[in-house]
Ligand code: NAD
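The chain below stands alone and is given in structure tokens; this is the form predicted on its own.
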Amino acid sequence: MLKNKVTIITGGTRGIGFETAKLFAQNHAKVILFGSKEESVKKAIEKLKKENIEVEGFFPNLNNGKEIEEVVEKIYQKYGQIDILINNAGISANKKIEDTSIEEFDKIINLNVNAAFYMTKAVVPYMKNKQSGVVLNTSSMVSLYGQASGVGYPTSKFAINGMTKSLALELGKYNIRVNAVAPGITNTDMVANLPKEMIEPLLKTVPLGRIGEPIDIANAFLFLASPMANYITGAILSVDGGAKS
């Protein structure tokens, strides 16, 4: 479905990003995953290699716009195109507002929002040149409903939804589609680190009666990146088992 589509995936070394990198590579995309550390990038590449899946990896500082531009330029020089960007890197939060430091709030916004802007800004000129491209963002069910603690995380995901819809309007004339996937409770390290008392009430709201798996989210990304979604832009696709607040 994605033959020779050059795809960059941030937060691609584990969880949803890793599963998406694997699925896209299996669908013959040329995948470049970004991770936070050289060690984690190497480990992810080796893990995929054992399954006969070839990907590349980089570990730029996603809060450094210049560094991102340099890495994206390097990728473009090698392949002559950048077709798909998935802004997936992110961190969560669960503290009450009075227990959240300004530095902790800033860290969430910097990675979850600013990095997505830096990455998108870096790839858009190449997509415009080709008059074709797909930008996909990882949102969250809490971008629609909020959450009772950890205000920085839903704040960042509300921002991602706004970025998605606005860039869809701005970039549509260049045949660049911009969409987001809003996962529900998904079996990742991020969710594993949340307190049990926060997860159990949420699971009761899921009509399908189970926690989501990374492949469920990866499949949504595959659909939105593929030609099957050629007339979809500005959408926030909920993949949450039917959960409602």
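Residue numbers here begin at 1 and follow the sequence given. Just so it is clear, the structure is predicted and the values come from calculations on it, not from any experiment.
From this point on, the text means the form predicted in complex with ligand NAD, which you will not see here.
> Mark Ala89 yes when one of its heavy atoms lies within 4.5 Å of a heavy atom of ligand NAD in the predicted complex, and no otherwise.
Judged by the heavy-atom cut-off of 4.5 Å, Ala89 is in contact with ligand NAD in the predicted complex.
> So, Ser140 and ligand NAD: in the predicted complex, are they within 4.5 Å at any heavy atom pair?
Answer yes; at least one heavy atom of Ser140 falls within 4.5 Å of ligand NAD in the predicted complex.
> Taking the shortest heavy atom distance, is Tyr118 within 4.5 Å of ligand NAD in the predicted complex?
Contact with ligand NAD, no.
> Is Ala218 close enough to touch ligand NAD in the predicted complex, meaning at least one heavy atom pair within 4.5 Å?
Looking in the predicted complex, residue contacts with ligand NAD do not include Ala218, since no heavy atom lies within 4.5 Å.
> Have a look at Ile176, Ile185, Ala29, Ile68 for me and say which one sits with a heavy atom within 4.5 Å of ligand NAD in the predicted complex.
Exactly one listed residue reaches within 4.5 Å, namely Ile185.
> Within 4.5 Å, heavy atoms only, which of Ala159, Leu171, Leu144, Leu111 is in contact with ligand NAD in the predicted complex?
Result of the distance check: Leu111.
> So which stretch, 95 to 103, 122 to 130, 72 to 80, 149 to 157, is the one near ligand NAD in the predicted complex (non-hydrogen atoms, 4.5 Å)?
Careful reading of the contacts points to 149 to 157.
> Going through 57 to 87, which residues have a heavy atom within 4.5 Å of ligand NAD in the predicted complex? Please give them in sequence order.
Contacts from 57 to 87: just Leu62.
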